[in-house]
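Next up: just one chain, as structure tokens, the form predicted on its own.
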Amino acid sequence: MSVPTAFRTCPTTGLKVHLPAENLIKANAVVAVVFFLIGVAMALLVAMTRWPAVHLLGDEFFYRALTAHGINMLIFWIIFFEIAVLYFASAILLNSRLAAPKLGWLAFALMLAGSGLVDVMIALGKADVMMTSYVPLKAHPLFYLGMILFAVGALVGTSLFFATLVIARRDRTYEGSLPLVVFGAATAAIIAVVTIAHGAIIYIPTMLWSMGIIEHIDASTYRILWWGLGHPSQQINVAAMIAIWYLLGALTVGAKPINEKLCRTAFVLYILFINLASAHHLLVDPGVSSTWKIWNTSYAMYLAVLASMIHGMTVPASIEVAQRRKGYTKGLFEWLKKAPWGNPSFAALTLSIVIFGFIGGITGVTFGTEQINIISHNTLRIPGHFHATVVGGTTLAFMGVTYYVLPLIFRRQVVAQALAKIQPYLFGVGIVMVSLGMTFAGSYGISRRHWDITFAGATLQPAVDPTVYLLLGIMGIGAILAVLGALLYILITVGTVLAGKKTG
């Protein structure tokens, strides 16, 4: 009796696909999309409440929706997808077997159980603490247990990625240095270990506190440790997103980095300095010194900014060079005009670069400095910023790579390709409107967390400039467009997995 092989060869790319790794990629990617759907639904409720003309939810349900939106979007959707990316980068791109598939399923089970537990507690009204869950706000112990289980599962999955790199090196499944895309994924994984460890460390005593075993949790200590999870978790996204930029550049137009050593140096700068941006959340806290605040929000942070500027130039440059090699050399911009704009992956790549670089990047550099952050931090300018980075940047990049993962891993042709061509544009335009509407409304002092900009019923009611209503209207219309684009992505993805034509 013949023993079935653990590998198959992709007829399109020629890559060896390890079947256990393929199954884990499928599972993590599918669950990621489910949590994305939950986050999208909550996003619509939140946006329709922040839009004064609609003001949909009451205060209790607004904060419940806001909690669910933040955790499902910024943690569950992103990290489940990133674990799938790590397995893809280590096993598939290196033609290697996954180190320990059973551990991969253990990691998946822990993450799924933990995330499910968190969402159940939120739905039951036991954890209306928002994503930051600041002490002394107290959630049900099972909420913290869910976060701990998720963090441990993600750590196991990340460790499996590193173990697979060791196996690939030992078995010599690739030549020379790690491919740049895998190097970028390794950068994300290194940042992830530090990030997720912070989450596990701070949630354990907080769970004991919520159970009554520990009498007191110092709020300042909680904030310092929690932001080792909260902000760096978005830096995992940045590293993974840029690795996907290089991958999509190669897949869509055959782009190759002009100087790989420079690109790798930029990734190393991320490892060393990007997490320091967490400091801008702690500038009014007494627990850290002024020297620490000034250093991390000025000199040190700009080394991470330098890394982003390098990637922001090398990726478009590699695309231009690849296009000019194809003969698109007339004038300055024929290479851009002749780019494959009808390819949803290329459209998502380009929009991701532009939105992240110009809107997210510029606002991040300015809002991250100590002087400006003091006046901008608790306004809508901050959500305006991270909707440009995490949503306009990372989520669009993830959408773009999905259109290649579906044929390669799920072995299905993408359905509704005419709709797939417009999906990134619909989502991208919507997110730009959301980001700019929030950012400019925040410049008028509109609070980032309060459910009612007029503070109706309060003893002191701040004056609201009439321009704010226009800006939040733009945000609300943009949210509707972005939600439609997100739902279109989900429908295309689910439709492809369930009914797409099977490939070879």
Partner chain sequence: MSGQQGKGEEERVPMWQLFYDNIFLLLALGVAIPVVFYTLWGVMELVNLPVWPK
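Fair warning: this is a prediction, and the values are worked out from it, not measured in the lab. Residue numbers count along the first chain shown, from 1.
As for the form predicted together with the partner chain, it is not shown, yet the points below apply to it.
Undergrad: Does any part of residue 296 reach within 4.5 Å of the partner chain in the predicted complex? Heavy atoms only, please.
TA: Residue 296: contacts the partner chain in the predicted complex.
Undergrad: With heavy atoms only and a cut-off of 4.5 Å, decide whether residue 178 touches the partner chain in the predicted complex.
TA: Residue 178: contacts the partner chain in the predicted complex.
Undergrad: According to a 4.5 angstroms non-hydrogen atom cut-off, is residue 272 in contact with the partner chain in the predicted complex?
TA: Residue 272: contacts the partner chain in the predicted complex.
Undergrad: Are any of the heavy atoms in residue 328 no more than 4.5 Å from a heavy atom of the partner chain in the predicted complex?
TA: The answer is no: residue 328 has no heavy atom within 4.5 Å of the partner chain.
Undergrad: Can you confirm whether 172, 223 and 291, the three residues that make up this candidate site, all sit within 4.5 Å of the partner chain in the predicted complex, judged by heavy atoms?
TA: Contact check passed for all of 172, 223 and 291.
Undergrad: Tell me, out of 183, 105, 302, 358, which residue has a non-hydrogen atom within 4.5 angstroms of the partner chain in the predicted complex.
TA: Here the answer is residue option 183.
Undergrad: From the list 419, 193, 208, 372, which entry has a heavy atom within 4.5 Å of the partner chain in the predicted complex?
TA: Going through each option in turn, the one that passes is 193.
Undergrad: Counting only non-hydrogen atoms, choose the one of 305 to 313, 337 to 345, 137 to 145, 280 to 288 that falls within 4.5 Å of the partner chain in the predicted complex.
TA: So the stretch in question is 280 to 288.
Undergrad: Who in 31 to 60 is close to the partner chain in the predicted complex, meaning a heavy atom within 4.5 Å?
TA: Contacting residues: none.
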